[in-house]
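Structure 1 and structure 2, given next as structure tokens, are two forms of the same protein chain, each shown alone.
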Structure 1
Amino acid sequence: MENKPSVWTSNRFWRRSATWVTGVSAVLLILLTVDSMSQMQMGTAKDIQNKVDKRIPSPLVINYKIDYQLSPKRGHEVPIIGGMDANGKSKYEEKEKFFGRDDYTEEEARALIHKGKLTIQAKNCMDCHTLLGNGAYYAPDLTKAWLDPAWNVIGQGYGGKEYAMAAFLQNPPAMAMHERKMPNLGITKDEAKAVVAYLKFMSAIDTNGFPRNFGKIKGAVNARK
């Protein structure tokens, strides 16, 4: 009786398998790319009006109070904008003064945040800090810097934490908070305000709990045990 060749030694089988695996992988990659692009788009004023949570919210979030709450369902902290409803979702109702205002238009907020981003790039802040996983680890991660409870304490002497953060940015050596002191980068008053707006906006981005240890900071909002 003639022995039938094993399928595992068939070149034809492996060529077809490789073709199918490559094809399915390409389709999955396209689907994931389309899904990622939709989630990376900045939200709009309409989203806030309709209380729609977006991973990257509208620039108008600088008009609202932003918390960082542990989500039992997801197992990590998520941004809560404007208070939290009974279902653990953002309410977009509780506003918060930001440099004396809580009525920035979308255009004003977008311009302020853009200026802050450009300032951070121009001053090479990523040489020491990290944002969204990019940058160096010599100095603290800035992704959720706005939510650092230390600023609530320091801000009491400045009329608000945004004023304290802006004062720090304009003269870091005078307000050194760590052994690794930040140098004076010549950041102006307007640039400092813009950087703080950018950091507040960044804190509202849903980063799947990144940075991981931020929620363990003593005194942080709903800090994990």
Structure 2
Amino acid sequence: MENKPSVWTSNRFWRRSATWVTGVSAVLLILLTVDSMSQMQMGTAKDIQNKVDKRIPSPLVINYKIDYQLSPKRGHEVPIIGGMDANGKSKYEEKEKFFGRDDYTEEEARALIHKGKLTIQAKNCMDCHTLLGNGAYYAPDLTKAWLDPAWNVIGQGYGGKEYAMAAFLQNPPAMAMHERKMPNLGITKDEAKAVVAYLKFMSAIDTNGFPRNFGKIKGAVNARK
């Protein structure tokens, strides 16, 4: 019996390999997911008190000034909440009025982003825009929409960019910025405020440096002005 069939053409060997490879991959994915979920929990008021940066910050960030700055340590841009200290870390001190207030309670802030996200889903925003880079490509990415230089300019005429954004959302064709107009989706005043709150909250999510060089390229946007 020297002519034993080679293991490389044995169905049994390959079936077992397939089962093992699949099993090991699935277990690894589950372990990584457990770790990722713990790192992706939404921050709380306590985190802000203790000046702890969370990947997904507390909804209370709507009370603070948000910025997106190069972190020399990480080699890409990171959200800075409430001003930056000497080490390039968030200080959670510099507040910023959002619809006239900078003292939203945790419940109020949570309620706003809850309604904001529901509205974003109810109006199918992702079938034109991209959020965190996912979605359609028919309209601009909203990941850092709150920080986009365009709103700083438009906002001046409205007493703040949150008012301009809310006005736009309630009747987009009236403030069309491009021939590819956003349709009127029947967004109410409350929904518009909540969506803007969500956009501000989303701009503070740590996206590992995406989008790269956001509005900061020397020799391009800023230098042309």
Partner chain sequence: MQGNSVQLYEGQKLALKYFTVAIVLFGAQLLFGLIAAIQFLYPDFLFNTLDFSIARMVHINALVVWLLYAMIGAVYWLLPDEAGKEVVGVKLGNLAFYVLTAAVAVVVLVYLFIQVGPGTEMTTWLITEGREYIEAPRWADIGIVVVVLIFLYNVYATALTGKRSGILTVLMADLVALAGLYLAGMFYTDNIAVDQYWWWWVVHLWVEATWEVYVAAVGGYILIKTLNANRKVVEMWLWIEVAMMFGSGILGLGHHYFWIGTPEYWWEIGALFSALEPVPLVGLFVHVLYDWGKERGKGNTIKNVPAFAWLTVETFGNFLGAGVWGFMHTLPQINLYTHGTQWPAAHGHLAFFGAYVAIMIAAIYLAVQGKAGLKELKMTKAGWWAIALITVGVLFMTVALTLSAYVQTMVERGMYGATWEGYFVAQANQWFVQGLGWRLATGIMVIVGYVFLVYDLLTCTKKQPVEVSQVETAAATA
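If you superpose the two forms and keep the largest set of C-alpha atoms that fall within 1.5 Å, you have the rigid core. Fair warning: this is a prediction, and the values are worked out from it, not measured in the lab. Along the sequence of structure 1, residues get numbers from 1 upward.
In this comparison the chain labelled structure 1 is the form predicted on its own, and the other chain is not. Once the cores line up, the CA of residue 22 ends up 2 angstroms or more apart between structure 1 and structure 2. Note on conformational change between structure 1 and structure 2: two rigid parts, with the smaller rotated by 30° relative to the larger (from C-alpha fits).
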